[in-house]
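In structure tokens, one chain follows: the form predicted alone.
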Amino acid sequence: MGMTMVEKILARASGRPAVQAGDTVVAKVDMNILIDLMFTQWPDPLSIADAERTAVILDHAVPAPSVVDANAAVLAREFAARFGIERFFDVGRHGICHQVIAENALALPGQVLTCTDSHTCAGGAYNNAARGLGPVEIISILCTGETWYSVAPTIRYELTGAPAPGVTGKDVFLHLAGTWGDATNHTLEFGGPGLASLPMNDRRTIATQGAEVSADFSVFEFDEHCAAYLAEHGAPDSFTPAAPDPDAAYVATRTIDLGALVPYVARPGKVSENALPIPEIEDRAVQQCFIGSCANGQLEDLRIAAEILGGRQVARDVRLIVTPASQQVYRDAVRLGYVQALADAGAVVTNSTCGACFGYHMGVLGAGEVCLTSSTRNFRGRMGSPDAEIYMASTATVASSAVIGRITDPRKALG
């Protein structure tokens, strides 16, 4: 029997000729990522398996908004120095870990990457078996270099067509989540003739959001676009991409016609079976609009927002907060004039951090407020008060809505 992409990656990582859904494997981890939150309860290991396969990224609370976070950063710096970890991304080189992983080509095709952050599946955009695991397991990997997986059945998404203007990767994901719902204990695999029409930033958004339907992995086929992106970001040429076999076994195969999609919005509470085409969403005033996170704080997101907001103003009763996904994205956005355009329109452009996305700092919501976000989650209480409402949409929809003050179809702004 043939193998899916993740089955091939896990077979290689576990030294087995083949694996299939239902198998349990012990896999060698190619890259293990530690983030700042790990160091708030740090066990301080005596030795580690491989400094070359370890990276430390400060992202959730930078610069430190509390003494607890500042102390965690001190421990992270001491740990990186003691074990000679060269891939250490301190404040100034920082960013949301999944963006830093992408910028530094740490998630390579055909390999395994681990991290505590639940959106680690973002690395699947690069044909990598990336998955978020618990902190105890990450410490175990740090010490042994290995972890175990129960191989999940795979759902194949066959992409056809090309997205229309105003439709992005976020809309593709919201369509998927709204139509088919959760994929708990399953792997998502993306490919097909429409893949070439999706730029890498859109693939990153879709792969990242796989966590919101509880997928184990969310992996894209490797192609020339992925190869070009990795080469541009300094990837070595030592990796071996994983392609699915023609007779690979899937628990389901679903086709998405990208050309038939429209902008989508997820209503508050969850995205699974809760996202609708924007013409079907209720008319709703918003008090805060947020563009950012690992899913939609990429340079392309800031370009889209700057293009929509250029020459316009954020509505009087709306706050628009924009958080670049990394310091590198921030620097590029300054150089290209995006930050100027956003600030001139009335937006607040913050330092790169996970802060507002998980309701920690730089954009926490108050009781009774309505937020439209392009970030990763819309759970009750995710971005602050449990009495706030969080709608989720693409960057284009959020930027357009910030101008109007109500949830707005971006195709009207673009038209």
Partner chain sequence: MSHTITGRTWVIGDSVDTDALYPGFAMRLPVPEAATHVLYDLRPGWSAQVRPGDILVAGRNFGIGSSRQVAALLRHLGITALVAEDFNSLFHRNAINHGLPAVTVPGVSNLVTEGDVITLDLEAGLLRNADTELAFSPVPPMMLEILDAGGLLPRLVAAGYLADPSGKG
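Positions refer to the first chain, counted from 1. Bear in mind the structure is a predicted one, so any value in this text is a computation, not a measurement.
What comes next is about the form predicted together with the partner chain, which does not appear here.
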Subject >> in the predicted bound form, segment of 229-237, 146-154, 194-202, 84-92 with a heavy atom within 4.5 Å of the partner chain >> reply: 146-154
Original post:
Three residues, 43, 68 and 132; all within 4.5 Å of the partner chain in the predicted bound form via heavy atoms?
Top reply: yes
Original post:
Which listed residue (274, 328, 140, 104) meets the criterion of a heavy atom within 4.5 Å of the partner chain in the predicted bound form?
Top reply: 140
**OP:** Only one of 344, 245, 182, 307 comes within 4.5 Å of the partner chain in the predicted bound form by heavy atoms, so just point that one out.
**Re:** 182
Original post:
Is there a heavy atom of residue 301 lying 4.5 Å or less from a heavy atom of the partner chain in the predicted bound form?
Top reply: no
Original post:
For residue 212, is any heavy atom within 4.5 Å of the partner chain in the predicted bound form, or not?
Top reply: yes
**OP:** Classify residue 216 as contacting or not contacting the partner chain in the predicted bound form by the rule of any non-hydrogen atom within 4.5 angstroms, answering yes or no.
**Re:** yes
Original post:
Applying a 4.5 Å heavy atom distance criterion, does residue 118 contact the partner chain in the predicted bound form?
Top reply: yes
**OP:** Heavy atoms within 4.5 Å of the partner chain in the predicted bound form is the criterion; list the residues of 319-351 that meet it.
**Re:** none
